[in-house]
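The chain that follows stands alone, in the form predicted on its own, written as structure tokens.
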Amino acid sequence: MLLVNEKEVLFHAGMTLADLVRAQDPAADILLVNGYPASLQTVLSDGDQCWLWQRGKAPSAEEMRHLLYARHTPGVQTRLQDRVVGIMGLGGLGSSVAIALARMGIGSLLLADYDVVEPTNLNRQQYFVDQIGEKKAAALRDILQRVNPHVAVTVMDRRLIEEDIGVLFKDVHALVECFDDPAMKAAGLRAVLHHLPGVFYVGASGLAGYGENNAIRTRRLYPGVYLVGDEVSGAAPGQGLMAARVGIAAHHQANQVVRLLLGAESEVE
């Protein structure tokens, strides 16, 4: 048996890659066998893993689901693809969290930020030089379209205030706080505690500089409410926000969201 684009295909002795291409996808021009580029003359062996793809072709929704099922297992992926996650702030944390969740096949993302991409953002945020001057919400939506076009992305180009949060994010399953402003970090926490019962919340505090990797941790504050960071390292002269440590914290946040959505955390007091 061969595994072709993550699907089982019957193998027979003497089979070449040309035979497989003719039978499966005559238009394919990217040919990989067991992770390496191969030619049409390649003789296949039972158990080979093959990829046949057309250059520039985007996977359909069904193909993308199948790929994610194969990597994450159907049980996990089915649960993630029905979930809605909100992200407040689309800077170094928020842009990285959004991309990670899109790659993992979260069904819907609700993104909020009012700012534009500036040159100083490029040291840690997931934007590109040609996006300087664009609104972050629109720029990140474009990036996510290239990462996984089958994630539903809704953007809000607005400055959030505390009174908005409980209304705008009332339909999400999890909410991720990625603000730079300490006052808004506190506002986000108050809003979820007072107005969003049942919504998981993952905030961040303390991730500046290039301190020890493992000082970044995920701590439970209340049932369903978590804080990521070392809770000490704020941005200051001589201690800026840098891509690696911000990325560590962002992926803590994304992973914690997935853990909560999949029921991997016990919320019993």
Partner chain sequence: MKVFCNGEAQEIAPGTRVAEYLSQLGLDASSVVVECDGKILTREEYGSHALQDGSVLELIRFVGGG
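Model, not experiment: these values are computed from the prediction. Numbering follows the first chain given and starts at 1.
FYI, the form predicted in complex with its partner chain isn't displayed, but the following is about it.
**Q** Establish, in the model of the complex, whether 15, 50 and 57 all lie within 4.5 Å of its partner chain, using non-hydrogen atoms for the distance.
**A** Looking in the model of the complex, the three residues 15, 50 and 57 all stay beyond 4.5 Å of its partner chain (heavy atoms).
**Q** Work out which of 161, 152, 183, 129 lies within 4.5 Å of its partner chain in the model of the complex, going by heavy atoms.
**A** Of the listed residues, the single hit is 183.
**Q** Which residue among 72, 141, 135, 190 has a heavy atom within 4.5 angstroms of its partner chain in the model of the complex?
**A** Partner contact (heavy atom, 4.5 Å) among the options: 190.
**Q** Which among 210 to 218, 26 to 34, 59 to 67, 230 to 238 is in contact with its partner chain in the model of the complex, heavy atoms within 4.5 angstroms?
**A** Of the stretches listed, the one contacting the partner is 230 to 238.
**Q** Residue 194 versus its partner chain, in the model of the complex: is there a non-hydrogen atom within 4.5 Å?
**A** Residue 194: contacts its partner chain in the model of the complex.
**Q** Is the gap between residue 42 and its partner chain in the model of the complex 4.5 Å or less for some heavy atom pair?
**A** Close contact is absent here: in the model of the complex, residue 42 is far from its partner chain, nothing within 4.5 Å, heavy atoms only.
**Q** Wondering, does residue 109 line up within 4.5 Å of its partner chain in the model of the complex on heavy atoms?
**A** Answer no; every heavy atom of residue 109 is more than 4.5 Å from its partner chain in the model of the complex.
**Q** May I ask you to check whether residue 92 falls inside a 4.5 Å heavy atom distance of its partner chain in the model of the complex?
**A** Yes, residue 92 is a contact residue.
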